[in-house]
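One chain comes next, on its own, written out as C-alpha cells in the form predicted on its own.
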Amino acid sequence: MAEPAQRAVVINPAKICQPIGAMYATLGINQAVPLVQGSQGCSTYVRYQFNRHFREPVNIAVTSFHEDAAVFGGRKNLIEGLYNLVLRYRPRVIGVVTTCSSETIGDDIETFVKEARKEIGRGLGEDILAQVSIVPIHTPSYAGSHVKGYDTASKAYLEYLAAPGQPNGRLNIIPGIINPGDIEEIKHLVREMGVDPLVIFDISDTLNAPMRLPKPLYPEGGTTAEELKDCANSQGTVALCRHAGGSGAQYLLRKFNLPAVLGPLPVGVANTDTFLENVQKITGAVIPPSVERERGILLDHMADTSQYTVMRRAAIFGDPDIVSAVTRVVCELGMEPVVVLSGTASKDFTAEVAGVTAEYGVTPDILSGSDLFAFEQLARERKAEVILGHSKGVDMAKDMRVPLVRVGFPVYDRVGLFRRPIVGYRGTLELMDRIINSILDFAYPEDKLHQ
C-alpha cells in the first residue's frame, strides 16, 4: 500500500471544497435555500457544478462579500441577505453555509442569525418568522472536502430541527453524496420489505424535477421541515455513507437513543446483503421473495459475463464511501483493483479497503487524501486496464488509452447517469453493464471489427 506523495502542491485534486457538500444536503430539503456567507464565486461555481451534473437549475443565494466585508466582517451582509431571502422567497429552511473568507475573518454566524431573526420578525411579522428555520453550517473551504461538508450539514440540521415526539414507525435513511436514481432504488428496497423510509436530504425529486409551466418557485419533493423534526421518533437510522452523513446518524443515537448503522454503501452483492440485514435488525422486517429474485438475477449476470471481467486490472478513485464499495464490487467480479484513491483523507477508508481486498487476496496501492497526479502514476505502473471514477478522470483515461467507467460526483461529460442507480442489486446490474460494455468497446473497437 502506498501513502500520498509528500509534495508541496496538489495536482489535479479528486475532491471539492466543503461548502458544496453542505449545499448538496440542503438541496434535498423541501423549500430550502442555501445562503452562502461569502463571495459570489462561491455560489456561482457550485451552481455550475450542479447544473452540469444534474442538468437542473438550483436556487443558491449568496451574501456577496466584497472588500469591505473582508475588512469589517460579514455581519451586515448576512442580516440583509437573510431578510431579503425571506422577503422574496419565503423558504421553509435556510442553510447558512460559511466559506473560507467568512471563517478566516471570524464571523460569529450564530449571533448574526439571531440578530437577523429579530429583524425579520420586526419587518415581516412574527408569523412569517415562525415559518422559517435558519441553520448555521460551518464549512471552511480550506479544510476537509465536499464529503466533510455534507457530513457537517447532516449533523447541523438535525441538531437544530430534530425533536422528540410520538414513535412514527419509519426508518431514517441518510443517503450521502449519491444520485437521485440511487435514492429511488434505496426507497424501493426498503418499501419492498414493508418499511416506510424517511430519507433525510432527499434529492430524488428536487434534483430530478419535471418541467412545470409556469415554473414553480421550488421543485417538488425533498425532506420537509416537519419530517426533519420527526426523524427523532423513527425506529433507527442508516447512514449509507459513513463519511457523508455518519455524524447525523451518530447525533440521533446520542441525543434520542436511535439505533445507528454507518455504511457500507450498498453496491454489490455483499454490501447490499449487509444493508438489508441492517434494515431487518432495526425494524424486524422480512426480506421478501421479490428482493431475493433481484439478487438471483444479479448473480446470474455475474456468471454469464465473468469472461469479460476476470483478472482485469482496475483503478478506482472518488469519494471514500463510493470507492470502497466499488472496490468490493470489482473484486466480486473477479477483477483486480490495483490502485484505489479517496480524494478525502480517512483512516477508516484505508483500513476498510485493505480489509476488503485482503478477503480476495489482492494488494492494491491505497491512497487516502492524495490527488489524481499520484493516482495516474500508479495506475500506469500497475498497468490498469479500466478506470472507475467521475469525470475528472476523462483526460487521464484518454492519455492511458483505457476506458473510464463514470461513477460518483461530478459527471459532466455524460447525460442521464444521475437517474441510473448503482446501489442495490438492480443498481449493481447497471454498474456491471457499464463496466463490461466499456471494456468491450476498448477490446473490440469499431475500426478493428471492419478490418
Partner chain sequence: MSFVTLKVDEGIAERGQHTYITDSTSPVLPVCNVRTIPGDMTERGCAFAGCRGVVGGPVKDVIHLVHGPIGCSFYTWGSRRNLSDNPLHRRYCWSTDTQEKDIVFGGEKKLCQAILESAALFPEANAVFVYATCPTALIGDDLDAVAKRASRAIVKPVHAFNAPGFCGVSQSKGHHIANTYIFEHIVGTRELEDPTPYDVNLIGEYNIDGDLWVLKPLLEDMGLRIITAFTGNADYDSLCKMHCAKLNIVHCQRSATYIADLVRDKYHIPYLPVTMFGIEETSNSLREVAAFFGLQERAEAVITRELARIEPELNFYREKLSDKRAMVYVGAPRVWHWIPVLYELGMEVVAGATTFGHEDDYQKINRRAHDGVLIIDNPNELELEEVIAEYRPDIFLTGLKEKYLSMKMGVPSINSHSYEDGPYAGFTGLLNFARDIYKAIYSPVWKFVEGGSDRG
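Note that this is a predicted model, so its numbers are computed, not measured. Numbering follows the first chain given and starts at 1.
Separately, the form predicted together with its partner chain exists; it is not shown, and the next lines address it.
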> Out of Tyr89, Tyr160, Tyr308, Tyr360, which one falls within 4.5 Å of its partner chain in the predicted complex, going by heavy atoms?
Replying inline: Tyr89
>> So in the predicted complex, is its partner chain close enough to Arg52 to count as touching (4.5 Å, heavy atoms)?
In response: yes
>> Contact with its partner chain in the predicted complex for Leu129, defined as at least one heavy atom pair within 4.5 Å: yes or no?
In response: no
> So in the predicted complex, does any heavy atom of Thr26 sit within 4.5 Å of its partner chain?
Replying inline: no
>> I'd like to check something about Ile422: if you look in the predicted complex, is any of its heavy atoms closer than or equal to 4.5 Å to a heavy atom of its partner chain?
In response: no
> Since the chain is shown here on its own, which stretch among 68-76, 297-305, 248-256, 275-283 would lie within 4.5 Å of its partner chain in the predicted complex, judged by heavy atoms?
Replying inline: 68-76
>> Does its partner chain, in the predicted complex, lie within 4.5 angstroms of each residue among Val113, His138 and Val269, using heavy atoms as the measure?
In response: no
>> For a quick check, can you give me the residues of 150-189 that have a heavy atom within 4.5 Å of its partner chain in the predicted complex?
In response: none
